[in-house]
Ligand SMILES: C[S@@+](CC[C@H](N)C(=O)[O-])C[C@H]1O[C@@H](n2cnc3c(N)ncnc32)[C@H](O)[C@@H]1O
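Only one chain is given next, in structure tokens, and it is the form predicted alone.
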Amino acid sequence: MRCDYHDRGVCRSCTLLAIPHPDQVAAKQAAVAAVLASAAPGVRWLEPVSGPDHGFRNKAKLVAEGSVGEVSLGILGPDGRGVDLRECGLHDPAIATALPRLSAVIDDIGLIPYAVPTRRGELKHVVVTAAPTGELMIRFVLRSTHHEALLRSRLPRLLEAMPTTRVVSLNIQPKPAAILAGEREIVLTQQDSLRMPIGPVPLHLPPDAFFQTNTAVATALYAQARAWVVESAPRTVWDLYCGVGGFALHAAGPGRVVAGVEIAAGAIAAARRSAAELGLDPGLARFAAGDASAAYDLLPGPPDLVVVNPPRRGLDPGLVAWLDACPADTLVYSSCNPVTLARDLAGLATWRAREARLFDMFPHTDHHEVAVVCDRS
């Protein structure tokens, strides 16, 4: 992929852009295999999964900067000022098409962009998410509710300019800190989540939900996890850190109980909605809001297979100890951090990593996802 922003030195986020994409994937594979070598001896590596090297990001998280009527959307430069990246080649085509229209609406409405150096203004970020269908969710991150009435009054104008938009929300983030979003979410549209079909599963994303930013590679990740589940033929599957239920719902099958736990109540509501849309028996698809460490008290069990998809920090020591002693005989671990993955695998003394696969979620960077399936040693 060629990028004018990179060539001009305006944005260097894609640190590996000068390296051909196949070479990037090969280097990531070698690096992650080296990190996991001692924690997963004898693991069989499957062929890495990669997708397009451009137009793959289903979510654009853009800093708002500039002045009223001339708002830029991009990233912050070293001086704390905005660097406009509306034409970034990583964006999903639906987002690329929408951004000029969205920018025009923002300028027309007269939203006041937030200035980091002076800590003045209202509009901090704009987050645009695209479903495979081309439908959009737009989230305005504001310092206060000062612009709420204005945005409500101009919502018809926004929806007219971008007719594939299904969800518009305001997030209130009053802190002068490098935090993307705050705790309060105000949904302006009748629809409060974006329908995100992934393979055979219709996921639903609320504005504050986590989801992999590369739809094509995420689809392959869920398909791989499902293949491991089918191979194991468990009666009960637990999905810890389940988010909107992606792994659990892909693991569903005749007579099989799938259950997930996630700290975010909105994500759990979305998982239940997807389960209902799939026609799953409520007794066979159970989702609970809570901490992963409390799964045994929240989910129907005991589990035969456990899926874990923790944040970058990996698993808490108590959860590692629980997994080591739990009755499950198969463990699927999806990780975005090979260092904490290696640490956790080393701590799982009763488990043996059997197969692993690299998923190139983030071309042109060192980041990636790794999935490992483990059996009892």
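Since this is a predicted model, take the numbers as computed values, not measurements. From 1 onward, residues are counted along the sequence shown.
There is another form of the same protein, the form predicted together with the ligand; it is not shown, and what comes next is about it.
S.K.: Based on heavy atom distances of at most 4.5 Å to the ligand in the predicted bound form, which listed stretch, 175-183, 242-250, 85-93, 112-120, is the contact stretch?
M.R.: Every other range fails; the passing one is 242-250.
S.K.: Between Glu277, Asp291, Asp107, Glu148, only one gets a heavy atom within 4.5 angstroms of the ligand in the predicted bound form; which residue is that?
M.R.: Comparing distances to the ligand in the predicted bound form, the residue within 4.5 Å is Asp291.
S.K.: Scan Pro52, Pro48, Gly347, Pro311 and let me know which has any heavy atom within 4.5 Å of the ligand in the predicted bound form.
M.R.: Exactly one listed residue reaches within 4.5 Å, namely Pro311.
S.K.: Does the 4.5 Å heavy atom contact test between Trp228 and the ligand in the predicted bound form come out positive?
M.R.: Although the ligand is absent here, Trp228 would stay clear of it in the predicted bound form, with no heavy atoms inside 4.5 Å.
S.K.: Give a yes/no on whether Ile263 approaches the ligand to within 4.5 Å in the predicted bound form, heavy atoms considered.
M.R.: Residue-level check for Ile263: yes, a contact with the ligand.
S.K.: Is Gln212 part of the interface with the ligand in the predicted bound form - any heavy atom within 4.5 Å?
M.R.: Because a heavy atom of Gln212 falls inside 4.5 Å of the ligand in the predicted bound form, the answer is yes.
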